[in-house]
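Single chain ahead, by itself, as structure tokens, in the form predicted alone.
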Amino acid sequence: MLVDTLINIPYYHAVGKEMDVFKQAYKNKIPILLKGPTGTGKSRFIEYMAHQLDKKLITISCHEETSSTDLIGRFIIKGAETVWLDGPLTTAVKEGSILYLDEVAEARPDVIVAIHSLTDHRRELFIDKLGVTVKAHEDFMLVASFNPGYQRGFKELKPSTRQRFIAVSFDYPEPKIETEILINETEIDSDTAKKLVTIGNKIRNLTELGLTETVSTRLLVDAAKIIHSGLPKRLSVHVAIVEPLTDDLQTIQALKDLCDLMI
């Protein structure tokens, strides 16, 4: 669940003013919410900004079992003693790290309750099991991501929660930028990168297929990587782009036929 890292230099291509927004949010100690489909660069953006600000990044990949105890901490048995172990949220609050809650809407409701006092003027965390309140370090920042398209009608963020953040929308990059991303990430040749991006955009526009998720930039990068390392182009597209999208055999075959005409 937890990735606790000092960031190496990541590659990120800005598509708007998101870097300026993030820096101002950090400067003014305002939490930020990143909205957008899977694989549009939200997590990479956070890694990049953590590096730019020279801050430690703690990432929590939220799921339906993620609880406030997982984030705040718990008592554990150590030898003959019972000792308290800080969770990643408490650690970030004390150390002044950037805490990234990836897919925050997936977490249990008590997680949202736990972070409320960190998202307003109080900037403090109450640890009920210890009966103490911890003031956030001057450099602490809370970032969360949310996929509105996937969550719609399933798990929504309440308006009262959303309004505790400033928000930035992420979407698939325009073809020129997405092509540059593929080339920089994988060193694939420009012609193949352009064809992969064209395939991605073609499938994204096939709304009649009713896909739960469409082709992310991440899938295109995966396809480019295995093409660059030697797998045939069409097979790479099949396994890295088409197969992850659906289990419906007719849809898979239709997409494979379409992609084969394009690469």
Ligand code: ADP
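The numbering used is simple: start at 1 and walk along the sequence shown. As the structure is a prediction and not an experimental result, all values here were calculated from the model.
The same protein also exists as the form predicted together with adenosine-5'-diphosphate; that form is not shown, yet it is the one meant from here on.
Of the listed positions (Val221, Leu33, Cys62, Ile199), a single one reaches within 4.5 angstroms of adenosine-5'-diphosphate by any non-hydrogen atom in the predicted complex, namely Val221. Proximity to adenosine-5'-diphosphate in the predicted complex, defined as a heavy atom within 4.5 Å, singles out one entry of Lys55, Lys42, Lys195, His238, which is Lys42. Proximity of Ile181 to adenosine-5'-diphosphate in the predicted complex: non-hydrogen atoms within 4.5 Å are present. Taking non-hydrogen atoms only, Lys23 never approaches adenosine-5'-diphosphate to within 4.5 angstroms in the predicted complex. For the chain shown alone, Glu106 is not a contact residue for adenosine-5'-diphosphate in the predicted complex, no non-hydrogen atom being within 4.5 angstroms. When contacts are judged by a 4.5 Å heavy atom cut-off, Thr66 does not count as touching adenosine-5'-diphosphate in the predicted complex. With adenosine-5'-diphosphate left out of view, the stretch that reaches within 4.5 Å of it through heavy atoms in the predicted complex is, among 130-138, 77-85, 157-165, 181-189, 181-189.
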